[in-house]
Ligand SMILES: NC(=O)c1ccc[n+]([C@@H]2O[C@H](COP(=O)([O-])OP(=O)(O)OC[C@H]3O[C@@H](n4cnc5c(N)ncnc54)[C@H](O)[C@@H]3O)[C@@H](O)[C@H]2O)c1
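Next comes just one chain, in structure tokens: the form predicted alone.
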Amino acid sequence: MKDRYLDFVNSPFGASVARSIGLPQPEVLRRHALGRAEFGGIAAIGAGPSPTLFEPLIALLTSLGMTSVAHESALGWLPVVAQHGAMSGRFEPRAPGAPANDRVQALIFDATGISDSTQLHALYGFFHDAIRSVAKSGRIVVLGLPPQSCTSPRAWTAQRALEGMTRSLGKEARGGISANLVQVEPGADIEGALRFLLSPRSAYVSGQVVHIDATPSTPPADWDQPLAGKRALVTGAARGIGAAIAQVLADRGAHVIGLDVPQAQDALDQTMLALEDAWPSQGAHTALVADIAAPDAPETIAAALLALGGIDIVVHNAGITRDKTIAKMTEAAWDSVIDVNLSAQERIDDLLLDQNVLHAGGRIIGVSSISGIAGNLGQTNYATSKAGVIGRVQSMAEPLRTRGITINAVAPGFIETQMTARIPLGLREAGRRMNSMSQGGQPVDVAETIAWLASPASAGITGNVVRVCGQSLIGA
């Protein structure tokens, strides 16, 4: 659905009106577009004492075609860059009134060496100097350690403090700028996560904490097609967010098996045919019709996937709502939502894992919701099911680790879909504006986040729940 307010305040006349009467002016977010450079520009580097990630950072920025400048907190960056034969300079804060092309595309702060609260002052020095220098739709990434990996209470305390800093930066930056914290275990591979978080593909992901463990990752042969040769099952693929997920996974090289209920077969067939039209070199994608809540659904799905040679990626997107306050909710409405949104996922995954339909090194990605984090009036059944999806991610991550399988979830906020278009105007506008981006997200934002979690380069990311909500003010 169109956001008419966003369009209006970004038109010449609307922008003038907004400025004159003090209306908020949300930025039109820069998203990935065919033919437009994904990376480029300058990254400003800051650091606390004893940073540990300069080497992989230099290699990453070089591969992305980005140049760097070093803040005074990170002057150790310059000799390391020189050792790599790269170019860098010193960061100069943007002067008031300087042209927009003087701005940097990203701020990256290496906080991995911070081991005491007194050392957090380095964050103030860097971001005080640099926050005004970030271009619209720019990126802020703070790199730290998982607090629980720290060997002293003071280090744990200081590393945990980075969450509050990063989330506050996301709320202060404005202009479509996102801010995220990446907790990096020693020896972890940061390339896949930073390629996503520094790119337009993460436009609606902000205020998040991503944990990367030291599991070895395999970089794809082609970063534009990281899912080439992979088969991906997407449930609820006929329309809306599910169709967007199918499109992005296909764009990233995957053969998509789209699944939906019999009533949606025509829409599902059209979605799968559209993938073939858009990417003819990939051949036919597969439409699979089944009701995931049916007793025989796991066996039907497993048999179909085995006939294709098994599966590499499972995206549990299918879901329903039956909204009522619990006092007015029927027993059938409660049971159906829990069954479709949660129990069916458990049954399907159990069989896919037991029969090795999901290959070793596979990916399971669930679609949760901010309702599962914060709860929602009239959605006790839905919020319970979506909180359960988070519980599955947290409980299954460790058992699946021995097979090299990761399990993660995305938790969308207000996304512009046919479902949200039916929300009353006042509630719809509140959903759009009550986040740091002051607008709703697009289905593609959810899809791009899922494609990142599905990548071979995300082997060290498991047990994570990533909100795709523009840093919604609702929930944790």
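All residue numbers are counted from 1 along the displayed sequence. Being a predicted model, the structure only gives us computed values, none of them experimental.
We do not show the form predicted together with the named molecule, though everything after this point is about it.
Asks: Answer for Arg239 alone: is it within 4.5 Å of the named molecule in the model of the complex, judged on heavy atom distances?
Replies: So Arg239 counts as contacting the named molecule.
Asks: Under a 4.5 Å heavy atom criterion, is Thr420 part of the interface with the named molecule in the model of the complex?
Replies: Contact with the named molecule, yes.
Asks: Answer with yes or no whether Gly48 is in contact with the named molecule in the model of the complex, where contact means some heavy atom within 4.5 Å.
Replies: Because no heavy atom of Gly48 falls inside 4.5 Å of the named molecule in the model of the complex, the answer is no.
Asks: With a 4.5 Å heavy atom cut-off, would you call Thr406 a contact of the named molecule in the model of the complex?
Replies: Outside the cut-off, so no.
Asks: Name the stretch: of 324 to 332, 75 to 83, 366 to 374, 123 to 131, exactly one has residues whose heavy atoms fall within 4.5 Å of the named molecule in the model of the complex.
Replies: Only one stretch qualifies here: 366 to 374.
Asks: Scan Cys150, Ala228, Ile390, Ile320 and let me know which has any heavy atom within 4.5 Å of the named molecule in the model of the complex.
Replies: It is Ile320 that has a heavy atom within 4.5 Å of the partner.
Asks: Taking the named molecule in the model of the complex as the reference, which of Asp291, Asp116, Glu191, Glu299 has a non-hydrogen atom within 4.5 Å?
Replies: It is Asp291 that has a heavy atom within 4.5 Å of the partner.
Asks: Residue by residue through 377 to 401, tell me which have a non-hydrogen atom within 4.5 angstroms of the named molecule in the model of the complex.
Replies: Residues within 4.5 Å: Tyr382, Lys386.
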